[in-house]
Structures are given as structure tokens and as C-alpha cells.
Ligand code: GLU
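Quick heads-up: it's one chain on its own, the form predicted alone, in C-alpha cells.
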């Protein structure tokens, strides 16, 4: 063997293959295994019984490279670095694995995260603090208001940009919420998450966080956006539109994709290059007046997914709510047609929907995810519109529809909501459907 230490670039020779990568610390319960981080960012475990040789490669250890980069940054005192505030809300990006149990537990402090990614100090002057410590599935409207207020505070203090670390499960809800709440924001506010906890060799946290910081420091973009992996490797991240992105995979590092849109920009992580992909984007203007348009935290907004064999009671459950999103079929359909002796319930469902529409805004969104509502094509959707359902011609995701409906009800009169739900306010509704935007 060799005296290689964790962090060294090594070549592991087995009876079957030769593997190159970075040697990682072996967890307590896996002493019989050597763990290597591959160039793809993923880890591989190799049984020590199969290893013939571990040789050091003639490359600097990662720690030494980082130390040199940080030292070089300190020497550039003549160059004024931009100021970036990182606001932490918890989630996987701030978590670590308990190798005794295998579960993701505990949480890193903001300072610990900075220490894990010292490259950030080369990019910007970083101010990092905790505003919440939670999993994203526990987010409520009150937390959207907290994030918006704290981002506004950083903008008022002169920050050139804000990064919000956030759990991935509902990150796209929060990005949409902040896009609506931070009206006229003149600096970038980038939400960043991780699919793998920050202490794992396969974590995507470093690429996403560093790419977001680099994008803020080296582009003219302003507004709210998401920064996550473009593909399974660590080579690049995408800047995704806040109101037109969605988590499309439970565990892949490239889980977030643009919906009915294209990515705003691509960041080459290794080459540190930025390529804008969208035709246009809002530009930085710190003099622009920011107006906080917050959420009514007491609102009750529901999402009801249509499905075969529905019952009236499912709709009646929302009678005391303030608004409802129906996640309908395809172009905007729901089971409301009595066509035979087995569909008598459907006539009652239509009546229940009409009753809800008299009490609250009821908006349609398509569970197909991609495409646009076309509620004048089939008689079913025409009947739903006649009953009072709104949203025709929208191409918003169900999640953005939910957030926008809540925000509109928080800031406008009910009569205005019906008109504004299909008006493009924050890039949430595309002017035209682009065929190339499907499954990009």
C-alpha cells in the first residue's frame, strides 16, 4: 500500500481494474473498505481484500490547492470583492450523515459551512448567518415572509447579492414565493440546495453554492433564481427561473429542471465561465426601489389533484378555505360529466366546484406539468369555466399557481385575483409555448 491520506489524489489498482480519484476518510463501520471520490463527484467503495496497490498521483492535495487559492485571494487586496450575504434555512445542504446509523442528522452552522467551502472567500466578501434551521417540507407562508424580509435587510445594507440555502423538497415553492414578495429587487437572490449532505464525497453542495456565489459576483443578473446542478457530474450548474422550475427527481443531483422555459444561465464550475441561455434577464440596479409584498400567513389555500373515481366530499373539504388550485387533467379537465349510470357522482362534483367558486377563487393547473391550459377546446373545461374556474391559457406549474394564488389573495381584492391569475407578473407565464422547452 502507501501512506496516502484522506484528500490525496490516488490510483487504486485491484485485480479487476484501476481507479483514480480522491481518497476519502473511511467511516467507522466500514474499516474494510477504501472509499474513493471519482471525478464525476460520486463515491466508490473498494474492498481492501481486492486492492493490490494504492499509489499517490503527482498532484497537489485538494487542501493545499484550497489554501493556495485563499492565500492568493488575500494578496489581491487591491481588488474590492463584492459583498454576498448567505442566509441559511437548513435542509440537506446544512446536514451531515451519522455514519453510525446511516441517517442524515444534525446540522452544520453557517460558520462550519464557510469553513467547508473556503473557495467562497476568493469570490466575495461573505456574511453568513442562520435565519431558520428546518427541513423544507415544514415551510409555511410565515417562513416566506421571514426569507423575504431578511433578504430585503441585506439589500438595504448594501449587499451585492443574497444566497439562501434551502432544502430541495419545496425549494421551488419558496423561489416562486420570493419572486412575488420581493417586488423590484435590484440585486440577485439565489436559492441553493443540495441533494446530498455537505459532508459526503458525492455532495452537490459545493458546486451549487460556489457557482451561485460566482454568478452573483460576475454577472449583471438581478431578481430571484435557483442554482442547482445541470447534470450528474460536478462540471456545471444552471441558474433556473424562480417561477418556472420544479424538482423532477427524488434523488438525482440534477433534479431541478426548467418547466415550459429554458434555464437562465449556465455556470462552468471548473472554467468559471458564465453563459446566459435566456434571451433577456433583469439587470442589477441597487438604486431600484424594493417593495415587500408579503403573504397573509393566515390564508388557507389548497391543492386538489383530480383522479379517476373522485367524490364530491373531496371538494367539499375545502369549503372553509380561502382559495383552491385544482390540478386537473391535461388541458384543464376534471371528472364532471355524467355519461352513464356509473358517473352520476360527476354531476354532483360539478355542483360542488361551482359552489366553491362562489366563495373563493378556484384556479386550474395541469398535472401534466408541461404545456399550457386550453380550456376552450373541450366542453368539459368550458363547463368548468362556466362554473367559475379560472386560469385558462396559463402554463404555470401547479406549485407556482398555488403560490401565486396565495400571494394575490394577500395583496389584492378578490375581484382582481381573477384577472391577475393569468397575467404575467414575474415571468411565471410564458408568452408562447416553446417546443424545445419540453424535458430540457
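Being a predicted model, the structure only gives us computed values, none of them experimental. Positions refer to the first chain, counted from 1.
The same protein also has a form predicted in complex with the named molecule, omitted here; what follows describes it.
Enquirer: In the predicted bound form, does residue 213 come within 4.5 Å of the named molecule, counting heavy atoms only?
Expert: Output for residue 213 is no: heavy atoms all beyond 4.5 Å of the named molecule.
Enquirer: Is residue 323 close enough to touch the named molecule in the predicted bound form, meaning at least one heavy atom pair within 4.5 Å?
Expert: No, residue 323 sits far enough from the named molecule in the predicted bound form that none of its heavy atoms falls within 4.5 Å.
Enquirer: Using 4.5 Å between non-hydrogen atoms, is residue 127 touching the named molecule in the predicted bound form?
Expert: No.
Enquirer: Wondering, does residue 150 line up within 4.5 Å of the named molecule in the predicted bound form on heavy atoms?
Expert: It does not: once the named molecule is placed as it appears in the predicted bound form, residue 150 has no heavy atom within 4.5 Å of it.
Enquirer: Can you work out which of 168, 203, 366, 261 has a heavy atom no more than 4.5 Å from the named molecule in the predicted bound form?
Expert: The residue in contact is 168.
Enquirer: So the named molecule isn't shown here. In the predicted bound form, which residue out of 240, 163, 179, 194 has a non-hydrogen atom within 4.5 Å of it?
Expert: Answer to the contact question: 194.
Enquirer: Sort through 119-127, 168-176, 232-240, 140-148 and report the only stretch with a non-hydrogen atom within 4.5 Å of the named molecule in the predicted bound form.
Expert: So the stretch in question is 168-176.
Enquirer: Along 127-146, which positions have a non-hydrogen atom within 4.5 Å of the named molecule in the predicted bound form?
Expert: The stretch 127-146, when checked against the named molecule in the predicted bound form, contributes 135, 136, 137 at the 4.5 Å heavy-atom cut-off.
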